[in-house]
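Quick setup: the structure tokens below cover two forms of a single protein chain, split into structure 1 and structure 2.
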Structure 1
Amino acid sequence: MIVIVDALNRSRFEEVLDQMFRLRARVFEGRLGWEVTVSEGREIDQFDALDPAYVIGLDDDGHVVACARLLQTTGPHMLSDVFHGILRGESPLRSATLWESTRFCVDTERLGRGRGPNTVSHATIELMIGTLEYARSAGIEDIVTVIDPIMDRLLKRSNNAPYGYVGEATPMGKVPAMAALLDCTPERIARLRAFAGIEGEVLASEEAALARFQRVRAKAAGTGLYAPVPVAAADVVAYCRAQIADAADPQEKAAALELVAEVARTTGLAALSELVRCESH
């Protein structure tokens, strides 16, 4: 499941973003050894202050397992201001219909190998599909993406080879970084979907993504990581009823039902299971 978080909706997703910045620290400082600034376990740089859009992948349990950061190439972005090395001092591409994707990474520690859900391959391709579909809906035709050779090989193996590169692969920490070009055509999206066997919607509504993310919280509550606040069962049921009643469209309603089902599982409240059963029909 992929969710897009930008300046307009980020107040709802602060915890998701926090998990994303932690993932970035593990990958870019830890695994790739880039010279990035990590503070309190979170990797955040000056481009995060420019209101970028984040493409964030959640696994089935609601963990943040993949992410990328998008900026317009008409304004300040990494290839124009930081990655001079890759471009060998040349001026960067600048186009209204070209976005830049950076900080592209997946959680190789949490995800498994091979194919199928909750694997590195699946999370990468899902993130790619989400990025391309979001860009396409914004009228964007191409993406220039800064990646490492491992990611580059993964793209090639998944029938998604970049159609070109700009500049040169440049040493950066433990591995080189390179700037690859990808088109946002329906053909590329179809190839990715076919390769990973992904058919349904990849981009989730805000509500569905939040509900999925709550699964982590629910699990953590069970382990005592978050101190559970005592709540009256009647209040929980009333809250769940309101969530379902307030849903503006079928998608929101589905998300609300998912949330309530999760709460029903963790609390064991029979009234909630009953509510889900009634509302699902």
Structure 2
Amino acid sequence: MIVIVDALNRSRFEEVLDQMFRLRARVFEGRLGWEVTVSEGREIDQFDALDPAYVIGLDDDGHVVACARLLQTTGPHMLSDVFHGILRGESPLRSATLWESTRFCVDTERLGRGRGPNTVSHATIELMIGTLEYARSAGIEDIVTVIDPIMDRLLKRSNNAPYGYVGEATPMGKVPAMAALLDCTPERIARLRAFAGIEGEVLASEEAALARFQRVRAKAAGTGLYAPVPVAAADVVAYCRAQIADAADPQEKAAALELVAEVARTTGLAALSELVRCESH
């Protein structure tokens, strides 16, 4: 499941973003050894203050397992301000229909191997599809992304090969970096879907994504990892009723019912158990 978080809905997804920044810290500083700024376990840089769009992947349990960041090229972005050495003196590409994708990462510790759901391969391709489909819906025609040779090979193996490159491959730390160009066309998306065997909707509604993420909160509350927030029982029931009522399709309703069932087990509210029973028939 992929959810898009931007300036318009950010206030609803602060906890999701917190998990995402923690994932970035584990991957970029911990696993890859990049020189990034990490504070209190979160990797956040100056470009996160520019209201980017985040493409965030959730696994079946509601954990953040993948992410990427999309930023307009008409203002400051990493290729123009950080990796400008790749351009070798050329002016950076700037266009309202060309956006930059950065901070692409996947949680290889939580995800398994293979090709099915909740695997590294599936999460990676799903994140690519979600990025391209969101870009098309937002009127973005092309994406520029700074990658290393390993990512370049991954793109080519997954039928998502760049159609071109900007500047030249340039040493950046331990590996060379290059700026690749991807078009956001239906043909590219179809190739990715065919490669991974992914059918159906990839981009989730805000309500479905929040319902899935709340499974983590509900389970964590039961273990004491998070302190439960005191809320009146009537408010909890009203919230759960609204989640079910707002479901746009059977899949969203099933996700909402799972959430309510988890909250019922955690809180012991008989009204929620009855709500699940009634709505399941």
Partner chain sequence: MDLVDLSTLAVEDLPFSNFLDQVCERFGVDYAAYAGQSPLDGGVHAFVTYPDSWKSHYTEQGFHRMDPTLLTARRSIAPVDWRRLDRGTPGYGKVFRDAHDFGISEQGLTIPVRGPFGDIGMLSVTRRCRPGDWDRLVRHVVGDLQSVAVFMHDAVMRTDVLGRALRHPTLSTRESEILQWVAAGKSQQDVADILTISHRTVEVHLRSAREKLGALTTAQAVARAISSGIIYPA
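What you see is a predicted model, and the numbers here were worked out from it, not measured in a lab. Here, residue number means position along structure 1's sequence, counting from 1. Take the two forms, find the largest set of C-alpha atoms that superpose within 1.5 Å, and that set is the rigid core.
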| item | value |
| --- | --- |
| Of the two forms shown alone, the one predicted in complex with the partner chain | 1 |
| Per-residue C-alpha change between structure 1 and structure 2, residue 23, threshold 2 Å, rigid core fit | no |
| Did residue 49 shift 2 Å or more between structure 1 and structure 2, C-alpha, core superposed | no |
| Residue 81 C-alpha relocation of at least 2 Å between structure 1 and structure 2, rigid core basis | no |
| For residue 91, CA displacement between structure 1 and structure 2 after the core is overlaid, in Å | 2.4 |
| Inter-form CA displacement between structure 1 and structure 2 at residue 248 - rigid core frame, Å | 7.4 |
